[in-house]
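So this first bit is one chain, no partners, the form predicted alone, shown in structure tokens.
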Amino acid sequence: MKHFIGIVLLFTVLSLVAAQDLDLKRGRKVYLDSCSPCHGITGKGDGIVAANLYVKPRDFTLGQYKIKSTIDGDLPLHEDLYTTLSKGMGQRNSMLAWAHLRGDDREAVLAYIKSLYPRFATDEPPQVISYPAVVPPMTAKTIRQGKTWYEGIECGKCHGLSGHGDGPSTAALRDEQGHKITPPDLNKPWLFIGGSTRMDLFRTIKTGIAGSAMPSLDGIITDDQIWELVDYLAHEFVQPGEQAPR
């Protein structure tokens, strides 16, 4: 009986390994067909069209992802990557939405992309940032307090006093590969990477945008203060929301 159980376990393990290999093989094919023109054959962001793109493609071997729901320094959740792949990175960005891909193809290509960065296989599970069960109400007081944070932590150095992405530090901003980057115009929420709801803004401010000039403010200001900053941004710039240009 022990030998029989051992044989069953061995075949189970071998079956799982074989299935994983098939997923990676399938994911690599999807990657080469659909992703490599921008991200490159080896995932370094050096595809044949990369030089012509204003926003440069991700280097998957660095493990830096702009949209994630985990704390600063941790890798994104699989769900974060799936959402980015499915929805893209918004207007004026080279990363298109790939929702037309079959769900199993998306899963396979993500498995392959994650295989390009060893930490996905070796790290402890990432720590998800804490969200409130209910989004705090926006009030005149939180908006006023948010303005003091916007000015106090010098958001205007990059985003500008009027939020147009024209602050005095803009000319010197570079991404992790040395490419010039421009902060988003906060008056045009339809261009935001990762969405422009108050919850989206909370996530972006708390986690930052890895590989860009947008730092994580987690530990610099409290969650309550982040919500005040969110309220100021939402009231001053974002409303009426993700509608046509106003």
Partner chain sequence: MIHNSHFQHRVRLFHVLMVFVFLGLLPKAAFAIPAFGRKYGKPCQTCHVAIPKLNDFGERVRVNGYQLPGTIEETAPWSIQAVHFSGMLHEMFVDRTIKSGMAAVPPTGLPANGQYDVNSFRDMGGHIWMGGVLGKHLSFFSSFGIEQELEVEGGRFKSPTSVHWEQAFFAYNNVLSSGSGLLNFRFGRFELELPFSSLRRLSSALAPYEVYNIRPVQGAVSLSAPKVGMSIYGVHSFGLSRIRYDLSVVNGTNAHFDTNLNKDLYARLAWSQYFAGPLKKVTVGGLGYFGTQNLRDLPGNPFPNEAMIEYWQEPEILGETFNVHTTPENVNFNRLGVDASIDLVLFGYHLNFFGQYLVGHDDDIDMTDKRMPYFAGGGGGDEGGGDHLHKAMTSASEGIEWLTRPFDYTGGFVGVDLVLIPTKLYLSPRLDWVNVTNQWADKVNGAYLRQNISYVVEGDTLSGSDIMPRNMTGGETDITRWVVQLHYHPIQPVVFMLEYGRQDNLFGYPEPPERMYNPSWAAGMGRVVSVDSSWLMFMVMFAF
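Nothing here was measured: the structure is a model prediction, and the numbers come from that model. Residue numbers count along the first chain shown, from 1.
Omitted here: the form predicted together with the partner chain. The next part is about that form.
Within 4.5 Å of the partner chain in the predicted bound form, a heavy atom is found for all three of Asp46, Asn52 and Asn93.
When the partner chain is considered in the predicted bound form, Met89 lines it closely, a heavy atom lying within 4.5 Å. Remark: Lys180 does not count among the residues lining the partner chain in the predicted bound form, judged by a heavy atom distance of 4.5 Å or less. A residue is said to contact a partner when one of its heavy atoms sits within 4.5 Å of a partner heavy atom; Arg28 meets this definition for the partner chain in the predicted bound form. Proximity of Ile220 to the partner chain in the predicted bound form: non-hydrogen atoms within 4.5 Å are absent; the residue sits far from the partner. The partner is absent here; in the predicted bound form, the one residue of Val128, Ala171, Ala140, Ala97 having a heavy atom within 4.5 Å of the partner chain is Ala97. Residue-level contacts in the predicted bound form: of Gln64, Ser216, Ser36, Ser69, one residue has a heavy atom within 4.5 Å of the partner chain, and it is Ser36.
Stretch-level contact analysis of 181-189, 194-202, 208-216, 36-44 against the partner chain in the predicted bound form, using heavy atoms and a 4.5 Å limit, identifies 36-44.
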